[in-house]
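Take a look at this single chain, the form predicted alone, given in structure tokens.
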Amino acid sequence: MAPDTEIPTRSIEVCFTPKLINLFDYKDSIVVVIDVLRATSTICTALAYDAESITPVASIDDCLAYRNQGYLIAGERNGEMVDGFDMGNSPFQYINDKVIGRKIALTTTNGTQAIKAVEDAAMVVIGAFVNIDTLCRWLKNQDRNILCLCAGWKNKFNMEDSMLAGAIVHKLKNHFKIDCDSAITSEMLYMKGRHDLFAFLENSSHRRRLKRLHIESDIKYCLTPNQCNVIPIYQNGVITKLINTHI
């Protein structure tokens, strides 16, 4: 890797919503998919607790089809667990022996859709506050541009995903060039609220949405950094733990 004193040649950009992905030249880049509340936090947690793999699927019916193949089926719509599924989208449901060695099919309102939107990228990894330092140490040593893709809420901007993108920009800005206003704006938003993410996001739309479902503990967990020393990677339709990370 080039010394820090040299001018960076790699870039880091932020896309605020999958609806805008066509504006970015990402196919030779590493795309970090972000859905803080809660899909990417849950994916990190499931793999940290030794699930074998997670298959993101777009629809409830597609997810149900995996049950006959021995998968646990999991997911939510509008924040609520789908009736008849084994698990929802709460990370706490994955912190147990039930997931060890299991394949999981997962469908969510936003996160799994965002993953599918960039499956033609050179590499797709999963980002969350719960794995941020592990992820950033690895990203720093990769020889590709980075695009942070925020899942948002139903293709609209949201605060928490953009703040995580800003945190990634902040941690990597000495190693990457930043010519992207959305990256600059994301970092500014993160810096404004970084000392108390939970309080800063109190009036954000998705935190209020989840609060109505009485899952404040999920929100606190998802906003607490560095609980999972994993880098989930999406390849050939399946998410697994990246091996040989040298971190």
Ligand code: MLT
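None of the values given here were measured: they were computed from a predicted structure. One-based numbering along the sequence shown.
The following text describes the form predicted together with this ligand, which does not appear among the structures shown.
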- Task: Quick one: from 30, 60, 210, 48, grab the residue that has a heavy atom within 4.5 Å of this ligand in the model of the complex.
- Result: 210
- Message: Can you work out which of 145, 134, 109, 93 has a heavy atom no more than 4.5 Å from this ligand in the model of the complex?
- Response: 109
- Message: Only one of these stretches, 96-104, 75-83, 172-180, 120-128, has heavy atoms within 4.5 Å of this ligand in the model of the complex; which one is it?
- Response: 75-83
- Message: Is it the case that residue 138, even though its partner is missing from this view, gets within 4.5 Å of this ligand in the model of the complex, heavy atoms only?
- Response: no
- Any chance residue 71 has a heavy atom within 4.5 Å of this ligand in the model of the complex? no
- Is there any non-hydrogen atom of residue 37 lying within 4.5 Å of this ligand in the model of the complex? yes
- Checked 165-190 against this ligand in the model of the complex; residues with a heavy atom within 4.5 Å, sequence order, are none
